[in-house]
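Given next are two forms of a protein chain, the same chain in both, each as structure tokens and marked structure 1 or structure 2.
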Structure 1
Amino acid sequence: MNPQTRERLNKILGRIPLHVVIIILCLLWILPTLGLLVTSFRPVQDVNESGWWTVLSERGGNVAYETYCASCHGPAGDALPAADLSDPEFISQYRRSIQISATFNNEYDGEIHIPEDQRPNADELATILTALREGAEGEARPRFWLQNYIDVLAGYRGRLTYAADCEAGNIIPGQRECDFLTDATVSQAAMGRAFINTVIVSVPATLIPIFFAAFAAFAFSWLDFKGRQALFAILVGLQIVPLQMALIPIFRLYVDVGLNGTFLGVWLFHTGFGLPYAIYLTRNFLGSLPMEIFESVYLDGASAWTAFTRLALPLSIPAIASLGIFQFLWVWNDLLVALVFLGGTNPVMTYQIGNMVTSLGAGWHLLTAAAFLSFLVPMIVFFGLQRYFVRGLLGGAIKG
């Protein structure tokens, strides 16, 4: 092997650990996301019975039935006329699997129903019962459906799905219209409404701080005024003030001026707490631009306003974009501020997601759909702006 080839080989081999780490990190991130996505499209019965990775394999139930019951009850369940497991009426007596396991000690013609060592365990029995019931009801469920998303958007949490209950007339009048568009956008429990509320909260709460931060950053980096350094130092210091500290004073203030429960109140709060960091980041970026370009603009007789709009703003697009991503993600995912100042009056998505599950943990097929809805937009924003993101982050570090 000549030295050149060896060197190349070394280079390739040397990169392997890095690549392995990157692949592991990607898997750690992608696998749960994929699980969430797949689960959000699965019917509730499937979600309760099996893991999302089994979506493409044979549905359970039959396997367990064949192992434990088919030898006597027959493959179709109708071999014993006195206990016809394929009869809907018969099987509907057994609402819970414990009622079946109670029969295992029965003796029929002197023989015990199922000997102790041949019994299915609780999980297997539950699958068997579900499979029997479904065979009885004769419905072949699809593997994937959109009902979870429809239920979540309409904010529906019933025994059946929104669509099925609407069709069967099971909806309590006055609670829902069974008109999807109305239910999704008007009902206070609907994720559709919450989605709109979150957008209403997030967009201004991102744009307003950036708007002011751009002006302030320009002033801090390129205008000369008294106390500039001191003011900036205070601003940097303000960043460490925890948001929680301000909750009560601002809350009381809002109650006095009637801003509680309004979007304006939340915008102002997010603006107040977003500004110090926003100004700090933009100023660092603007301040790192070469002095000469501003001098030459002023020499040409331009005003500070022209320098700001024509020069500073276009040049700081990467910083503003990455700031925008940060602020947007923060506001979008924020629960605390929205909970305190909006609560149930104008519920946002983070608030509503929690309402999708019961305190006993039921309904998490809806939780997955709700979670996916709420992180769809941040994903789009992130990937849409990521090229600015990287540039903006490095902006302060690399000059030239």
Structure 2
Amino acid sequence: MNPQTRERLNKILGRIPLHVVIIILCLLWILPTLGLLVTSFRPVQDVNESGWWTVLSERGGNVAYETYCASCHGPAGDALPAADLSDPEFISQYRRSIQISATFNNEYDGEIHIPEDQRPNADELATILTALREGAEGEARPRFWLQNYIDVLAGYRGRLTYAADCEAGNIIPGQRECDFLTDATVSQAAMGRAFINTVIVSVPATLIPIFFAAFAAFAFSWLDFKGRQALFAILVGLQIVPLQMALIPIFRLYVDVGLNGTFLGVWLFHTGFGLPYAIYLTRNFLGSLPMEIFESVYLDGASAWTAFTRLALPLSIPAIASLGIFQFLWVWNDLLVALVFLGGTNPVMTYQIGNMVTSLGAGWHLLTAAAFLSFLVPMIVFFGLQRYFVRGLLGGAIKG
């Protein structure tokens, strides 16, 4: 083997560990996301019976029926006229699986219905009863549906679905009016209302720090004033101050001035704790720009305001985009600040998601739909601004 071939082979083999690590990291991110997406479109019975990876396989109820019941009752359930499992009236007698298990010790034609070593367990029996009901009614549930998202957006909590209860006329004044737009935007438990509240919180809490940070960064980078370096050092030091230290003092202050429970209070809090990093990142990016371009515009008679608006801002778009991504993701995914200053008065999505699962552990199908809704917007924002992301990070990492 000649030296050139050996060197090329060594380079290829040297890249394999890196590629393997990258593939593993991608799979660790993609597989849970895919599972969350698939589960959010599955009916609650399927979520309770099997994992998302079995979405295209035979349902558990059908498999359990074939295992324990088909040999006597037939594939369609109508082999025994006295126990016709395809008859809706006969199946309606068994509202719970425990009623079926009570017949296991009964004798038919001198034989026990189902011997102890051949009986299904409680979970399998429940899936069998669900499959029998669907078969008797002639309405098999779909593998995918949008009811989970409809229930979440409308804030539905019940045994059926929002559409089924409304079709049955189960209107609850003050909680469910069966007008989807009204229920999704007015109901206290509705994720639709929480989504609107989250947007109201996140957008101003992202734009306000960027607005002030741009002015401050330009001043720290290109304006000469007394105490500039000392003030910037203080700002850098403020990044290590945890926001938990200020929660109680600011909460008491908000109560005194009437800002507690308002969006303005949350905007101001996020602005205060977002500004140190925002100014730091933007200042470093602006400080890395060539001094000659600013000197040239000043020689042409431009003012500091013109240099800022016509030169500094357009050139700092990558840094502003990176800052916008960081700030937006932080505010959108925040629970602590929203819980302290808004609570259940104006609930946000992170607060509402915590109420999806009941104390008995039910409602996972709703939780998956709500979780997917919660990170859909951040993904759109990130991928929409990703072309500026790396440029902004590298620019902010250069000493100005």
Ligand code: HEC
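Model, not experiment: these values are computed from the prediction. C-alpha atoms forming the largest set that superposes within 1.5 Å between two forms make up the rigid core. Numbering runs along the sequence of structure 1, starting at 1.
message: Can you tell me whether structure 1 or structure 2 is the form predicted alone?
response: Structure 2 is the matching one, since it is the form predicted alone.
field: Rigid core superposed: P120 CA moves 2 Å or more between structure 1 and structure 2
entry: It does shift by 2 Å or more.
query: Would you say R159 moves between structure 1 and structure 2, meaning its CA shifts by 2 Å or more once the core is fitted?
result: R159: C-alpha displaced by less than 2 Å between structure 1 and structure 2.
message: Following rigid core alignment, is the displacement of the T33 C-alpha between structure 1 and structure 2 equal to or greater than 2 angstroms?
response: Comparing the forms between structure 1 and structure 2, which are aligned on their rigid core, T33 does not shift its C-alpha by 2 Å or more.
task: Mind pulling the C-alpha shift for F90 between structure 1 and structure 2, with the rigid core superposed, in Å?
output: Spelling it out: core superposed, C-alpha of F90 shifted, distance 5.5 Å.
Rigid-core-superposed Cα shift at I171 between structure 1 and structure 2, Å: Its C-alpha shift, to one decimal, is 4.0 Å.
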